[in-house]
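The form predicted on its own is given below as one chain in structure tokens.
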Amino acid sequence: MPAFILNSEFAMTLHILGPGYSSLVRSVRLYCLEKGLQASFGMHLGGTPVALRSPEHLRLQPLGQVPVLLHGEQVVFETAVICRYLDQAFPETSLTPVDARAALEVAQWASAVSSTVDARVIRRYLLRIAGPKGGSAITPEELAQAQAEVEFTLAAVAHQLGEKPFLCGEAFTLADALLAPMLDYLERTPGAGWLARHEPLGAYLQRLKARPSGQQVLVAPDFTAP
């Protein structure tokens, strides 16, 4: 681990290494705030910029991905693992259900959101129509297929949500922290109207945006911030 991380005042805080516009960085921020924890974030360490996939970054995350959580001398990567670590490190505000069956449902949906929903909604659709290439990298046939996958996926998620306040029941969990930033970006897609066609997802997102955590995280992203 880089020496400048250890033996510093910064190392005693929670810091999320990753750009603020990353949907997964936003998920970890939501989880921290729902637990009552404050964490700094951004591609920097103690005020020192860290470039993506630089030697400093790769010492913390060998695959060159974000987010990475730094808590004292502990370094944790992979979003779901970070959130589970936070529940272990701060058990008094754990967001993991105590009941085994409820915990299993959360684990299933957290995994499904971070893998399938992320792939279909973010990777294969949003990033291809609104990413750096602005839609130039997707053919009309690919766009139609991607849109069909988004429709199918949102219908399944809306069915799971039903009339519950949160995706897996009466309380905010990891599944919500992972899903909310994706839906927020989807809602910001001009003219798409995805959530209007898939109620109750629209009302669900508005509830999450109204929470104190959502008021800080589920806002228009700043793509210029490091």
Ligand SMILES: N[C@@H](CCC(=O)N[C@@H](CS)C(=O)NCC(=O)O)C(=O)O
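Bear in mind that the values here come from a model prediction, so they are computed numbers and not experimental data. Throughout, we count residues from 1 along the sequence that is shown.
Absent from the display: the form predicted in complex with this ligand. The rest refers to it.
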Answer among 22-30, 167-175, 154-162, 190-198 for heavy atoms within 4.5 Å of this ligand in the model of the complex: the stretch 22-30
Would Gln65 count as touching this ligand in the model of the complex under a 4.5 Å heavy atom rule? yes
Contact test in the model of the complex: Glu78 vs this ligand, heavy atoms, 4.5 Å: yes
Report yes if any heavy atom of Arg59 sits within 4.5 Å of a heavy atom of this ligand in the model of the complex; otherwise report no. no
So in the model of the complex, is this ligand close enough to His44 to count as touching (4.5 Å, heavy atoms)? no
Can you tell me which bits of 103-123 touch this ligand in the model of the complex, meaning any heavy atom within 4.5 Å? Arg123
